[in-house]
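This text opens with one protein chain seen in two forms, each one given by itself as structure tokens under the names structure 1 and structure 2.
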Structure 1
């Protein structure tokens, strides 16, 4: 039975994702994303499950930065999970008495309209996770009056639900990933995604276009691109890429080695089955057979077999 660390405590959306991704796993809750990933890096756990992005507000930047700068990990699976937020308080607290709200930053950004409309005077404070917020609000002397979290977190920590479905959109989806220490990659399935980060050699006109060209000329479709500051000053960025296909696919392998040639550094973060099950449209001339045929042709002309 694998042991998997996750963004805890009990009752987070990440726990829900983990239960779907690995129903048999032993679950090790950790206080934040970095601690969950460190548990996997140090071998306390066989891997970890963490949130990566949501469809409304985008990236969970702590996760992106851990993947780029922390000890290397490989993504081995992903999950898309619809999330529903509830406003939770200690029994007896009326909505009119809520002055301080505690929740994860990703929940703050996804419930802005509700908070502005129903709790215009409330101060909203960032918590390590939604369930950590619920756990804290449940303490009798808590400085917070309410948490935004999953209904199940309220049940778990003995809070009452004052409102539910309080997200700005009802169709918000969060993408979670399972990671392991570097090792064998999941086999290609025909419906895969690859993730990497790339660092520029130097800042010059067209630097980003040069990277994108490596994907474009091989017919590799990007599914996410994100710039993150390197920390070396305003205007200094590196890039996260998600794209269709597995690094074992010829076109993807060629694009990735092309990036390696032109970038200062490329950190490969994994090839793994896509949660949506979609398959890439393979452009003419970019199938595995096309690359193999071209390689054979090149070696023939190199040896004079014209």
Structure 2
């Protein structure tokens, strides 16, 4: 039974994602994303589950930076988890008695309309996580009357749901990834995603276009690109890429090799099955067989077989 670290405490959306990705795993809650990933790096856990991006809030920058600068880890699986917030309180608390609400800043943003409509006089205080908020509200003598958190947090800490589905958007999704120490990659499935980080050799006109061209000319479709500061001064960035396909695919392998040739550094973060099951549209001339045929043709003409 594997041990997997995750962004805790108990009752976070990350725990819910872990239960789906690895229902039989022993769960090891950690205080933050960095601590969860470090548990995997040090061998305290066999891997970790962390959030990578949210459809409303965007990328989880702590996760991006950990992947770029920390000891290497590989993404082996992903999950798209619908995010549904609930208003949780101690048993016997009516919604009219709620004067102080505790929750994570992201939940405040995503539940703004409900809070303004149903709790117009309540003071909302930021918490380290939605689960930590629920944990605090459950304590006897807590200064907070309610928490906005996942339903699973209420189950953990003995709170009751006063309202559910209180997010402003019903289609909000968070993407979680399972990571492990470097090792064999998942086999290609035909519906895969590859993730990497690329560092510019130098800042010059067209530098980003040069990187994008490595994907475009090989028919590799990008699904996400994020820029993050290197810390070396204003205007200096590195880039996170998600794109369709597996590094075992010829077009993807050549694109990754092309980036390696023109970048100061490329950190490969994994090729793994896509959670949405979508398969890429392979452009004419970019299938594995097309690359194999072209390689064979080049070998022949190099030996004068014209």
Ligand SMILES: O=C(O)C(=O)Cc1ccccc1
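Here the structure is a predicted model, which is why all the values come from computation and not from measurement. Numbering follows the first chain given and starts at 1. Residues that one form lacks are left out of the comparison. Between two forms, the rigid core is the largest collection of C-alphas that superpose within 1.5 Å.
Form assignment for the chain places structure 2 as the one matching the criterion, namely the form predicted on its own.
Rotation of the smaller rigid segment with respect to the larger between structure 1 and structure 2, from C-alpha superposition: 19°. Core superposition places the Cα of residue 166 3.0 Å apart between structure 1 and structure 2.
After fitting on the rigid core, stretches of 3+ residues whose CA atoms all move by 2 angstroms or more between structure 1 and structure 2 lie at 86-129, 136-148, 154-168.
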